[in-house]
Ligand code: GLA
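First comes one chain, alone, set out as structure tokens in the form predicted alone.
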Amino acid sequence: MPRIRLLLIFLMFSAPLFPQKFEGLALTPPMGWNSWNTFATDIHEELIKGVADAFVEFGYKEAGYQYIVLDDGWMAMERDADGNLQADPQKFPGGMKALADYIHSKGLKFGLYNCAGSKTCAGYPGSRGHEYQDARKYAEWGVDFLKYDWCNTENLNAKGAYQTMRDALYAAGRPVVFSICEWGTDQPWTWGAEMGHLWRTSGDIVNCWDCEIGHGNWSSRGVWPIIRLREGIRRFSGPGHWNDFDMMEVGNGMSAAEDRVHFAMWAMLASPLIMGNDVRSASPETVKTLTNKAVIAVNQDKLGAMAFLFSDEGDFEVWAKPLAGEEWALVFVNMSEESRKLDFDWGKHPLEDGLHHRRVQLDKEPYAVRDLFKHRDIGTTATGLKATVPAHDLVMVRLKKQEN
């Protein structure tokens, strides 16, 4: 019997841990920056260091943004003699470890991109057949976030491919937020929580309010087509596992009003807030939008609920998001091409969310109302909400239960 007991103890301490994703990460939607929307593969060492500097200088870090993620194009076109990934020596002469150290020295986190296929979407070396080798290299460099794409994946099973990289990251031992960029083709919301921390719901975003640009067998979509693309995915999102509506296009050519709506809706949908503009040269209006702490707080709310379409008032869409502590956030979006008057009677619209077991009759239980873009209190739900809202703009409010 003692020998059996000793054998069991030996097996318990010598057996490898069951592969899994790293728990305790991304308990609120990740916040950061990604290079693709503005720079595509035209990235280099000084650009990325400049972005890290801008995080500190312009208040992005202080507002909660953490991750600086290099997308496709950071690596050399060939692996080294041992089969390892290597940084493009012209773009990144100091290498990835030194760049990660620089980003970490700013109190920020470092992210990289690769792909489940044989090559990345831009034709660089993919991770297929090299998953464990690549994961060890990421750990050596100090990578905190991996965006894992889905190009050149002939005959691969999506869930299995992402599980392989998940297990490889776990075996390498360095906690990494794992971003599944599979475009929603194989319904990653149904299996993504087991494999990673966030999963894309669509193909790439494009900087427009309401458009779709075809690329043969896939499309780029604007803000509203991405919001409307998937139905029924709200229940899959929550702390540690998020529906990802793609990197933001705030500051990339839409109007200031459309940028506000875009940012507010990503916050309401509990999507990761990953900036996609040139943060080094953003306009004061763009910086103001992206660093709005009141809106960010809605995104980072601990309940982790995703918003739902609460009502359609013709020109106005009203979206609601339950928050921790019996609070709510709502946005009233003017979908029309002209300025419109908003006159919303709280008493006619009881707030109800069956998924999170919330219901409140706002005229009987008045809540204080705070405008999150004007940063001021605007009364209670005992009276109607009135405002003139410009085209493609919004009113965003937070409701807090009043004390008796």
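Quick note: we count residues from 1 along the sequence shown, nothing fancier. All of these numbers come straight from a predicted model, not from anything done at the bench.
One more form of this protein, predicted together with this ligand, exists but is not displayed; see below.
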Heavy atom within 4.5 Å of this ligand in the predicted complex - residue from H262, H197, K321, K147:
K147
Of I226, M247, L112, V177, the only residue with a heavy atom within 4.5 Å of this ligand in the predicted complex is M247
Three residues, W36, A122 and W183; all within 4.5 Å of this ligand in the predicted complex via heavy atoms?
yes
Please check if D204 has a heavy atom lying within 4.5 Å of any heavy atom of this ligand in the predicted complex.
yes
This ligand contact at D301 in the predicted complex, heavy atom, 4.5 Å
no
Applying a 4.5 Å heavy atom distance criterion, does D71 contact this ligand in the predicted complex?
yes
Determine which one of 306 to 314, 147 to 155, 167 to 175, 126 to 134 lies within 4.5 Å of this ligand in the predicted complex, judging by heavy atom distances; exactly one does.
147 to 155
